[in-house]
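In the block that follows, a single chain appears as structure tokens, in the form predicted alone.
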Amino acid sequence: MRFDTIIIGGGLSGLTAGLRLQKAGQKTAIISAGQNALHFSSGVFGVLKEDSVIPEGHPYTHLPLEKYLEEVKPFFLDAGIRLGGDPLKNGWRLTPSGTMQEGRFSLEEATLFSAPDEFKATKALIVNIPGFLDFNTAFLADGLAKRGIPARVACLDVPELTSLRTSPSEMRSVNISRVADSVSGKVAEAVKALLKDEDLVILPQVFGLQDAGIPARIAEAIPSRVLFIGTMPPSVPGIRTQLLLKRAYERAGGTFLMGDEAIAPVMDETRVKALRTVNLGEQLLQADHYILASGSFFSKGLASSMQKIYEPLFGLDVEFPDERTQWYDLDFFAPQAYGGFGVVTDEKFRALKAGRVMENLYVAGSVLARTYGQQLGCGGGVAILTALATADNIMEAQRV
């Protein structure tokens, strides 16, 4: 099977690059092993923190950042995904622990404030679903109290949701959303019945798995400001985002190999010639260009032994300290160095192997070296911008 570009990884970075290339007229395929970081998304994508200092030599220094930032919202809108936020300025979101965190773009129901002190309320009502443990109301209430906002916690009285509690393993956000979306009107009425004098209502992000408009309709029906706050994974808005990007990619003619894994690449010193997948067996997949968007450790884009960090598919050069004690901090809450380990590239995001540039193998997303959030925002922002850049670099190489 022959393609213009083959992309390894079906998460935010892989789908963004694939959709960009497909809309530009390329014939592409995405190989997706399954779960990815989008399933853990809060619905907010950071790009650069306000005080970011991009390390010298980092590929980001070669990006036309302002151009790409202006393109993000219309690009996602074409896929049916509405983003809020200011392309050129960070906003702030309320986290599940009641603290404020920076972000540049957000899905429509994930509110971004222009500054931390813009988030104000006199009293808050935190509303949960009976038996739903993945939304920690105590943490949230405590965080709000530290901000001077007293919070009352209550549970929804909606029979269709209460009856879901047959076992703890079934009380997950996606299972809840399949039912909650069908009774969203009842949810709004139940919240109104719970309201006293609170001017803020906080609900878990478990609405709108298939219909992104449901959270807005719930908020419109409630006579106080409504915020939807993230839960423990899986993430309903993240899964919906992946579904919408995948549908847009397939509508554009892309081939999405779901539940498959890239193996056995055929390579010479500077080029990838072909690869196989687990499901396709001995059938070779060939392309002019390849993008590695396999994610970091969670999605097995990076792996480790006691001695080294390595990229398992192509054996690419990976940046990490030789001394193992420098890989991590014993303080669990401290920034962990391994979050910035990854594949080394040139300024065009082409991978290096044994110090040589792989001429037709590009890298995007969190598998890249030095993409740690303290420097560059969050993984979502890195995924989007580097995906757009690698796609454009491939189209530029094709024109030469």
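Keep in mind that this is a model prediction, so the values were computed, not measured. One-based numbering along the sequence shown.
The same protein has a further form, the form predicted in complex with a small molecule, not shown here; the description that follows concerns it.
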Tell me which of 261-269, 69-77, 207-215, 116-124 has residues with heavy atoms within 4.5 angstroms of the small molecule in the predicted complex?
-> 261-269
Is the small molecule in the predicted complex near all of G9, I31 and A37, within 4.5 Å of a heavy atom of each?
-> yes
Looking in the predicted complex, any heavy atom of G342 within 4.5 Å of the small molecule?
-> no
Residue contact check: F298 to the small molecule in the predicted complex, 4.5 Å heavy atom | yes
Tell me, yes or no, whether S42 is in contact with the small molecule in the predicted complex, where a contact means a heavy atom of each within 4.5 Å.
-> yes
Although the small molecule is absent from this view, report whether L313 comes within 4.5 Å of it in the predicted complex, heavy atoms only.
-> yes
